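A lone chain, given as structure tokens: the form predicted alone.
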């Protein structure tokens, strides 16, 4: 557990130092628990998620970085690799392709890449996956855009 705390503290210091380096990702450590983090990521441009701001919850195991963090979307998102109700993310690096070389920042980068390049063959959201697999790109994009507008865009007063 000491090694994971040291690693997380190192990542925390890097995040503080490089805040402006990656404007698409904002990582926030819980003040009272270094094993709980939140990320705010921007939807990638030229995707149905563009303009959206999505919140992720990180739960980091005591064996980190030997084990991957658990990450889920808090913001609702219509995407084949994200469970619509729980926000669970189907991404190989969060499961069997994890490597201790990954950081919380690089996990966020991978999630943004997944948003831009969905994998319809291993869907957690079957409705979304079926639209893509059947070739209805327009239907998928309009649903994803609608949910981005509803859940991930700041409300105009």
Partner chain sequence: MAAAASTSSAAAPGSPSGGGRRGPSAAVACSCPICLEGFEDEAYLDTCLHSFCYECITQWVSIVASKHEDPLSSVKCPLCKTESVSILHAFDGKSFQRHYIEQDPGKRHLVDAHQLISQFYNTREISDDAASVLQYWKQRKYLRKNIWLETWLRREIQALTQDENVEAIVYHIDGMIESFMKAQEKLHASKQTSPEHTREEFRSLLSDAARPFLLGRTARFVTEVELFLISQRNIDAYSRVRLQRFKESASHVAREQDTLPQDRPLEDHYLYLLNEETDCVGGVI
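None of the values given here were measured: they were computed from a predicted structure. Numbering follows the first chain given and starts at 1.
One more form of this protein, predicted together with its partner chain, exists but is not displayed; see below.
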{"property": "53, 39, 91, 34 - the one with a heavy atom within 4.5 Å of its partner chain in the predicted complex", "result": "91"}
{"property": "Partner-contacting position among 126, 67, 57, 28 - heavy atom within 4.5 Å of its partner chain in the predicted complex", "result": "67"}
{"property": "Contact flag, residue 132 vs its partner chain in the predicted complex, heavy atom cut 4.5 Å", "result": "no"}
{"property": "Its partner chain contact in the predicted complex: residue 6, any heavy atom under 4.5 Å", "result": "yes"}
{"property": "Residue contact check: residue 21 to its partner chain in the predicted complex, 4.5 Å heavy atom", "result": "yes"}
{"property": "Non-hydrogen atom contact residue 136 with its partner chain in the predicted complex at 4.5 angstroms", "result": "no"}
{"property": "Members of 113-129 lying within 4.5 angstroms of its partner chain, judged by heavy atom, in the predicted complex", "result": "113, 114, 117, 119, 122"}
